[in-house]
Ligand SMILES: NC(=O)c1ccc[n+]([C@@H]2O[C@H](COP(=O)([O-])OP(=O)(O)OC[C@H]3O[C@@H](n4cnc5c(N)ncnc54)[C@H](O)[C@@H]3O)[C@@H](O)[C@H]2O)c1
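Starting off, we have a lone chain in the form predicted on its own, written out as C-alpha cells.
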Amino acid sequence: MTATATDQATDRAIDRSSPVAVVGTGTMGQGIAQVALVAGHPVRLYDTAPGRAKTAADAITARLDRLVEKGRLSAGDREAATARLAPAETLADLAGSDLVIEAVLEQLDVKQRLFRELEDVVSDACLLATNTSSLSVTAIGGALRVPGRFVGLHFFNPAPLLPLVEVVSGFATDESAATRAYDTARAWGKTPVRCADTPGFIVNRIARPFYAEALRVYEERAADPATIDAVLRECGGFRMGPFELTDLIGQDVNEAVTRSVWESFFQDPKFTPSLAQRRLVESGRLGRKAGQGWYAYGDGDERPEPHTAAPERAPVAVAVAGDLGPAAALVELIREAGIEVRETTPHVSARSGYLELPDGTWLQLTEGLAATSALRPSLIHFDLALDYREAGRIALAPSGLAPHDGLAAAVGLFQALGKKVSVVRDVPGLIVARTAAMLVDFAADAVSRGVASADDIDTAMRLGVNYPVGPIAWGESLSASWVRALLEALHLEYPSARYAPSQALIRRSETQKASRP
C-alpha cells in the first residue's frame, strides 16, 4: 500500500481526541484500555462491580510506570496518558464516546443486555465492539436497534504485547463500521485482519487440529506428551508443543473453546473434542495455574524428557528410489554427511519415493497410512519436517515387521544428519504430517467459505499463535496434491468425516494436476 493510501486509511480511524470506553476491567479489558490510552485517546473505564474501575485504572497506571522504568515510555507520555484515564461510575458516564469496546463475561444474554443499555447512552454514530472470542457477533448485535455499527474486535492476551486483532463482521455489520474498526486497530499499532462471523473466527477455528491431532496421537498411545511436544517443536518448527501450550492457556479454557467450536458447527467430526483432555479437566489438572496439567509445576518438579533413541551407527550408503516429495532435501543432507547416495528404480508397489537401507528396509516419508498397513513388511515411516536442514529432531514409526537392523540403520542415518530421533508407535500420518495437513485443509476451507482472505489467515496464524509459517503458505510449499493424498489415506485408516479433504483442497489439487505440462 502506498503512503498516500495508508494516510487515507488512517483518516477513517477513530480520531485520537475522541473518547474510547472499555466496559469490563478484567485482564483483557485493562489491556485494551492500555492500548487505546497509549495510542492517545481519552479512555473511560466502566465495570458493574463498585470500585473495580478505579482498581483497574490504578493497575494500568502501575504498568505504565513499569514501561517508563524499562525505557519504553517517556515520563511525559506517562503523565499525559494517566491524565486521559478516567474510571466511570455509571454507563451514563460513557456518553460522548466514539468507540465502546466490551470485555465482560462470555455469556450471550449478559452482552446483549449491556449493548442494549449502551444504545440508550451513546449516539448512533458511536462504534460498538465486542472482544468476544467464542460467541457469535451476529447474535450479540441482533439485540441492537442499530446493528450495522456493531463489530467484533478480538484482541489477543496480553493485548498490549500481541499485535493481532481479528476484526469480525456480523451478518448485519455495515462495511463502513468494519473498515472504521480495522483502521482504528491499525492506527493503534496493531495488525488487524478481517474475518466473517464464524465459530472461532480465524485463529480459534483453524488452530483446532494443532491440539486435536496431538491428543489423538496420545490417545492411541503412539507417544507421550513430552515426545509429541518435542517433535512438533524441533521438527515442525512450532514455538511450543500443544501439551505445554494448553497447560499455559489452561486446560479448561482450551477445552471450552474446542467444545464451543464443535457445538457451533453442529458437532462436525472435524472439531470433535478429546476425551483425554476432558478427563484432565474433570480431575482438576488445569495446567500451570493449578500446578498440574499434562506436566507438573510444583517446586522441584522437572519436565519429563522426550523419548530419544540411543546412538546408532549410520549406514555407509543408501539408495534413493524415486521422488521423495517434501522430503527431497534429505538427499543433499545425506551426501553432506559423507554417506554414499545411489539411485535405484522404485519398486512397482511403491506409492511414492523412498530411501532403501543396506538390509533392504524402506525409509519413507509418511503417506498417511500406518506402516504396518503397507504391503511391504520392511518399512519405516519418518515424519514431515518444516525444514529438514534446520530440524533438530525426527520421528520414526516402524511397521510391526520392520527388522531391528533396519530400524537401527534408520536411527543412525538421521543421527548422522545431526538430528535427535524419537521412535514412536506406528500411527497413521505420524505427528507433524497429519497436523500440518489438517491445518492446511482447515485454512483452505475457510478461504473458500469467505471466512477471511488467504493473506489474512496466514497473518493471523503467525501472529496470533506464533506458527512458523501460515497454513496457506505451508500448503503451497507441500502442494495441495500431497496434502490431499495424505488426508485421503488418513480417511481410509479412520473412516469418518474427520479426515476427508475439503472440497476447496480437492479443487486446488485438481487445478495443480491440470496445470502440469
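A residue's number is simply how far along the shown sequence it sits, counting from 1. Every value quoted in this text rests on a predicted model; they were computed, and no experiment measured them.
Not on display, but discussed next: the form predicted in complex with the named molecule.
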Residue (of Ala350, Ala178, Leu286, Val104) lying close to the named molecule in the model of the complex, criterion heavy atoms within 4.5 Å:
Val104
So the named molecule isn't shown here. In the model of the complex, which residue out of Thr132, Ser422, Thr258, Gln364 has a non-hydrogen atom within 4.5 Å of it?
Thr132
Taking the named molecule as it sits in the model of the complex, is Phe271 near enough to touch it, meaning that at least one heavy atom pair lies within 4.5 angstroms?
no
Spell out, yes or no, whether the shortest heavy atom distance between Pro468 and the named molecule in the model of the complex is within 4.5 Å.
no
Verify the contact flag for Ala143: yes if a non-hydrogen atom of it lies within 4.5 Å of a non-hydrogen atom of the named molecule in the model of the complex, no if not.
no
Flag Ala196 as yes or no: does it have a non-hydrogen atom within 4.5 angstroms of any non-hydrogen atom of the named molecule in the model of the complex?
no
Give a yes or no on whether each residue among Gly24, Asp47 and Val110 has a heavy atom within 4.5 Å of the named molecule in the model of the complex.
yes
Can you pick the stretch from 475-483, 27-35, 455-463, 488-496 whose heavy atoms fall within 4.5 Å of the named molecule in the model of the complex?
27-35
Heavy atom within 4.5 Å of the named molecule in the model of the complex: which residues of 148-179 meet that condition, in order?
His154, Phe155, Asn157
